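One chain is shown next in structure tokens, namely the form predicted on its own.
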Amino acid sequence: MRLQGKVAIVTGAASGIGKEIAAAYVREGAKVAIADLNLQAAETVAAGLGGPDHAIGIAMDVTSEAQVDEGTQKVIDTFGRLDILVSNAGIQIVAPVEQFEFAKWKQMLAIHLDGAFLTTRAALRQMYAQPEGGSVIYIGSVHSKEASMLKAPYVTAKHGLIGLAKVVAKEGAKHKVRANVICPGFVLTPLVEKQIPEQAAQFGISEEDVIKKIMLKDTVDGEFTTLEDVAEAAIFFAGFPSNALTGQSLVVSHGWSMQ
């Protein structure tokens, strides 16, 4: 029970990586808020994790300042504190730069970067008020370190999360607040599954070749990163006891990126 007594908010937690992290946190003793655009899905996940004694669902559009602040306050009012923020909410849109719609570029950066900023700001206001501080965890990507074709706003945003984490690590240190980034390789979430046919169409290759020759070609074993792999890293960062581990980015990618 590495997170016994802790309270966490996980954004985008009604599915995929966020859902797996939330479940892992509950197993480790934390109380978790499932924050998601889809309130019904968030409440369903929370019920499956044991209901209000262990998890609650809250509606949160991470690009809305009001929803982020109100949702965060609801978690604090419900559980009395906030120890962990996992900024995970994200989407993917693929297209070459010269064809990328400006509105979609802005949408991508709003969700990934504005959302990270707004949720961080709301969380820090509570964490700074607690003697124990807290842990801010951003779900980046190997694309926080590397680039791929067709993903300009995603790569830009994921690189930006590392910069944000470094600033929060420096500013938060005196308040015992740590900030780190998890950088997964390709995980077979709905977001990644959607990309396979899209990239096959863009590059004129088969879906099997997208997987083998694009997504997994630089891994050491040709394997996808699993949800459990990412959740284990999230437990590690959340439970680390001191500022010795802050401002860092951990790549979890079967060796795709070795930095």
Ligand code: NAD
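The structure displayed is predicted, hence computed values, not measured ones. Start at 1 with the first residue shown and count on from there.
In what follows, reference is made to the form predicted together with this ligand, a form of this protein that is not presented.
Visitor: Taking 4.5 angstroms as the heavy atom distance cut-off, pick the stretch from 48-56, 200-208, 24-32, 62-70 that is near this ligand in the predicted complex.
Guide: In the other structure, the partner sits against 62-70.
Visitor: Heavy atoms within 4.5 Å of this ligand in the predicted complex: does residue 196 have any?
Guide: Result no; residue 196 lies far from this ligand in the predicted complex.
Visitor: Heavy atoms within 4.5 Å of this ligand in the predicted complex: does residue 189 have any?
Guide: Contact check for residue 189: yes, within 4.5 Å of this ligand in the predicted complex.
Visitor: I'd like to check something about residue 16: if you look in the predicted complex, is any of its heavy atoms closer than or equal to 4.5 Å to a heavy atom of this ligand?
Guide: It does: once this ligand is placed as it appears in the predicted complex, residue 16 has a heavy atom within 4.5 Å of it.
Visitor: Would residue 158 count as a contact of this ligand in the predicted complex, using a 4.5 angstroms cut-off between non-hydrogen atoms?
Guide: The answer is yes: residue 158 has a heavy atom within 4.5 Å of this ligand.
Visitor: Check 37, 91 and 154: does every one of them have a heavy atom within 4.5 Å of this ligand in the predicted complex?
Guide: Checking in the predicted complex: 37, 91 and 154 are all within 4.5 Å of this ligand.
Visitor: Just to confirm, with a 4.5 Å cut-off on non-hydrogen atoms, which of 139, 179, 75, 116 contacts this ligand in the predicted complex?
Guide: That would be 139.
Visitor: Which residues from 101-133 come close to this ligand in the predicted complex, meaning a heavy atom within 4.5 Å?
Guide: Residues within 4.5 Å: 111, 112.
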